[in-house]
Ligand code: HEM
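Encoded as structure tokens, the following chain is the form predicted alone, with no partner shown.
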């Protein structure tokens, strides 16, 4: 067990992070290289200043719960989205156990959150994922667009939290659930750049493009903060 744990939190962890960050960086850069003002009919370079302002505004507004018309039109989904992503973003970065591994592997760590707060965020993430799945099943307009791939992506992102929470509560065999947690977490890191989880960075790229489009081509730069979303 000790050798397996050392291998997973050592070489495997390093490879997982390298694939994760390298792959996401490649996807992010490639997205912008794929933009063509002739196809998009947007003068990005001549109006770069307005494009940057519009893009940043768009990305920021969609990060605020109920900060846009789109969020307010779907309150149930907004709550599920916030519950899921609050833990999905904060726990991997600031969990005490993760930072111990980070310190042992790279010699530095991030600030650690209190364990009770981490427990609440993990529970919120799991509940958020459950209600997102429930929404996909219950609403016909969402169900018709949902494929097995969407459920796979949700499972890929959620299983590390479920297995980690079970290990944290010491339900059943602790070593088994800990290994499941580490393996599923590293699998998620490796697959993220090649799946829809790449929206970790492509969200910012696509929201910037939409905001820039509106600010430049649709006169948004003359409206200040009055974006139609």
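Positions refer to the first chain, counted from 1. The shown structure was predicted, so the numbers you read here are calculated from the model rather than taken from an experiment.
There is another form of this protein, the form predicted in complex with protoporphyrin IX containing FE, and it is not shown here; the text below is about that form.
Thinking of 95, 110 and 117 as one candidate spot, does protoporphyrin IX containing FE come within 4.5 Å of a heavy atom in every one of them in the predicted complex? Judged in the predicted complex, none of 95, 110 and 117 sits within 4.5 Å of protoporphyrin IX containing FE.
Go through 139, 126, 154, 102 and name the one with a heavy atom inside 4.5 Å of protoporphyrin IX containing FE in the predicted complex. Going through each option in turn, the one that passes is 154.
Report whether the minimum heavy atom distance between residue 159 and protoporphyrin IX containing FE in the predicted complex is within 4.5 Å. Answer no; every heavy atom of residue 159 is more than 4.5 Å from protoporphyrin IX containing FE in the predicted complex.
Is residue 191 part of the interface with protoporphyrin IX containing FE in the predicted complex - any heavy atom within 4.5 Å? Judged by the heavy-atom cut-off of 4.5 Å, residue 191 is well away from protoporphyrin IX containing FE in the predicted complex.
In the predicted complex, residue 204 touching protoporphyrin IX containing FE (heavy atom, 4.5 Å): The answer is yes: residue 204 has a heavy atom within 4.5 Å of protoporphyrin IX containing FE.
Spell out, yes or no, whether the shortest heavy atom distance between residue 130 and protoporphyrin IX containing FE in the predicted complex is within 4.5 Å. Outside the cut-off, so no.
Look at the stretches 175-183, 50-58, 196-204, 162-170 and give the one with heavy atoms within 4.5 Å of protoporphyrin IX containing FE in the predicted complex. Selected stretch: 196-204.
Within 70-98, the residues that have a heavy atom no more than 4.5 Å from protoporphyrin IX containing FE in the predicted complex: In sequence order, 77, 81, 84, 85, 88, 89 come within 4.5 Å of the partner.
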